[in-house]
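Shown here is one chain on its own, the form predicted on its own, set out as structure tokens.
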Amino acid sequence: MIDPDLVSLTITLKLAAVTTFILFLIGTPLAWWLARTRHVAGFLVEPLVALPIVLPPTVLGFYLLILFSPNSGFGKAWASLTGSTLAFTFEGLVIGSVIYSLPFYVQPLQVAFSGVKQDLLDAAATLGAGPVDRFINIVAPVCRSGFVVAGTLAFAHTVGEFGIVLMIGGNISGETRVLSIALFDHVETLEYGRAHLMAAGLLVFSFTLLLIVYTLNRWQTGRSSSLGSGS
């Protein structure tokens, strides 16, 4: 029989990987737009994206439960397409995780995009490079560390989620029982040996990811300073 904690680990890593991939697809263009736009809508979208940072997870989880309900338009449409509801499913966890981790992906990437010189993009445009070509060949290489930091923070934040996961996913073994919920279960049942092992693993994992983020930030700052002094 497979250890339930290993199943929870698999679900957690799968959830974090899927969430980070979806954030890459939708968060990258959003971060680019926020970094470059001067439209008044940007002043409304930016705090909306950052809202999960200050909003209690249970509040977001509560409204997602309402959204996932078969009585809502979205929940009814999902049920008619898939034949099942979103609440207490892995798919529901993905949607909640994408929303809750969105600012952790968008904000560092937005900062990186803001540092791209417009003159560089204009020069490439005069040489015939289209918007996609400019982004792939100029913006992406320049902001490589920003992508790594954004992806790392989004992945780590998803791994550590608890409140919203409990609200919309519950504690279904093999489906929605992630590591944070498993750790809570071990503490509740006084299984402190397993709880210590799991907590220590998450602690080392989180510290390692943050070490990567800070190292990249220091490297990027030093690189920018070198380029600035060289000019």
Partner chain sequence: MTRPLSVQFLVLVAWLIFPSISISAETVRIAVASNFHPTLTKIVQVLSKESDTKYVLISGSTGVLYSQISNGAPFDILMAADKVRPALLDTHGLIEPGSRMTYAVGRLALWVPGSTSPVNKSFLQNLQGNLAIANPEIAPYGVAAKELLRGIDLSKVRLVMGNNVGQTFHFVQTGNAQAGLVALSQVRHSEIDRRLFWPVDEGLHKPIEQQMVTMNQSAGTIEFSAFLITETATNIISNDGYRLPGSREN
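Residue numbers count along the first chain shown, from 1. No experiment lies behind these values; they were computed from the predicted model shown.
The form predicted in complex with the partner chain exists for this protein as well; it is not shown, and the discussion that follows is about that form.
Would 4, 8 and 219 all count as contacting the partner chain in the model of the complex, using a 4.5 Å heavy atom cut-off?
So, no: the whole triplet misses the partner chain.
So which of 46 to 54, 189 to 197, 202 to 210, 28 to 36 is the stretch with heavy atoms within 4.5 Å of the partner chain in the model of the complex?
Heavy-atom contact with the partner occurs in 189 to 197.
Please tell me which of 107, 89, 152, 145 lies within 4.5 Å of the partner chain in the model of the complex, judged by heavy atoms.
By the 4.5 Å heavy-atom cutoff, the listed residue in contact is 89.
Indicate whether residue 85 is a 4.5 Å heavy atom neighbour of the partner chain in the model of the complex.
Yes.
For residue 59, is any heavy atom within 4.5 Å of the partner chain in the model of the complex, or not?
Although the partner chain is absent here, residue 59 would stay clear of it in the model of the complex, with no heavy atoms inside 4.5 Å.
Is residue 80 close to the partner chain in the model of the complex, meaning a heavy atom pair under 4.5 Å apart or at it?
Residue 80 lies outside the contact set for the partner chain.
Answer with yes or no whether residue 71 is in contact with the partner chain in the model of the complex, where contact means some heavy atom within 4.5 Å.
Residue 71: yes, in contact with the partner chain in the model of the complex.
Heavy atom within 4.5 Å of the partner chain in the model of the complex: which residues of 160 to 193 meet that condition, in order?
Contacts from 160 to 193: 166, 167, 170, 171, 172, 175, 177, 184, 185, 187, 188, 189, 190, 192.
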